[in-house]
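Before any questions on binding or motion, here is one chain by itself as structure tokens, the form predicted on its own.
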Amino acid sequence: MFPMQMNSKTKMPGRTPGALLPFLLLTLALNLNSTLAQEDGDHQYTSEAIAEGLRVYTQQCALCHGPQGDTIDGIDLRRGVFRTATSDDDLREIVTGGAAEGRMPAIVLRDEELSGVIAYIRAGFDPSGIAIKIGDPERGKVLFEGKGECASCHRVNGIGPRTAPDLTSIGAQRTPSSLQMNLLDPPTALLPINRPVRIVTRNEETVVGRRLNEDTYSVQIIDSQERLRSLLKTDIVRYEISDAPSKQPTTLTSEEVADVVGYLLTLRGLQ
């Protein structure tokens, strides 16, 4: 919605000048709330912020980091690979405070310019993409192990059950938007290999679990008792792959979701 432009000749039908101010204030409040809902409630920056970030990045950052953000060893901004930063706040501190013992100087930006750069990075350098807000990893770890109940199914660094996919290296395998989608809309984000399966064998045994691998002749699964099973397809009389997700959308708040995503991005293999 574009803001209304008014001049001395503009008249509002049925409104006196004295009644116009409350109307304008209400309109401003509704527009502001809409913007905040898009940025915070959906964990996304606006498309305008991403476009602003492209402009600022091209002018201020591309000379050192390159147009694709990958010219410095150990850093690939487009793919979200950083040396130390994880959360959006981390990136803000690096941009405004400098890093690498002065080799990256501090950059003075307006708030909207700084938010734009973060949005552009989080959108994977795609001006038409979706930028996901990344929260605090330490808070996310607490939520993962507690309120979010993620650790009741997922295994991390050798700790936890095997009934759901191991997340030890998930931060190196999935994008921030994919991780967020797994929390908010599991049916959409669930990979086919991770869909629950139900198998009935020729011996009339029913095996329920999660696929690990499948080829032309066999299927390997972790069953409901966390046992590794390898079954020949010639011994299977019924093989059902469920379309229903094994989990429901999270009930965490938008800020808590951002924190959990921040924690998951730190999981890049056994430390």
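Here the structure is a predicted model, which means the values were calculated and not measured. One rule holds for the numbers: they count along the sequence shown, beginning at 1. Heads up, when I say rigid core I mean the largest set of C-alphas that superpose within 1.5 Å between the two forms.
Here the subject shifts to the form predicted together with heme C, a form of this protein not shown in this document.
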| property | result |
| --- | --- |
| Close approach of Ala258 to heme C in the predicted complex, 4.5 Å, heavy atom | no |
| Heavy atom of Ser128 within 4.5 Å of heme C in the predicted complex | no |
| 4.5 Å heavy atom contact, Ser169 and heme C in the predicted complex | no |
| Proximity of Ile241 to heme C in the predicted complex, heavy atoms at 4.5 Å | no |
| Check all three, Cys64, Lys247 and Thr250, heavy atom within 4.5 Å of heme C in the predicted complex | yes |
| In the predicted complex: members of 214 to 243 within 4.5 Å of heme C, any heavy atom | none |
| Flag for Val95, CA shift 2 Å or larger between this form and the one not shown after aligning core | yes |
| Rigid core superposed: Leu228 CA moves 2 Å or more between this form and the one not shown | no |
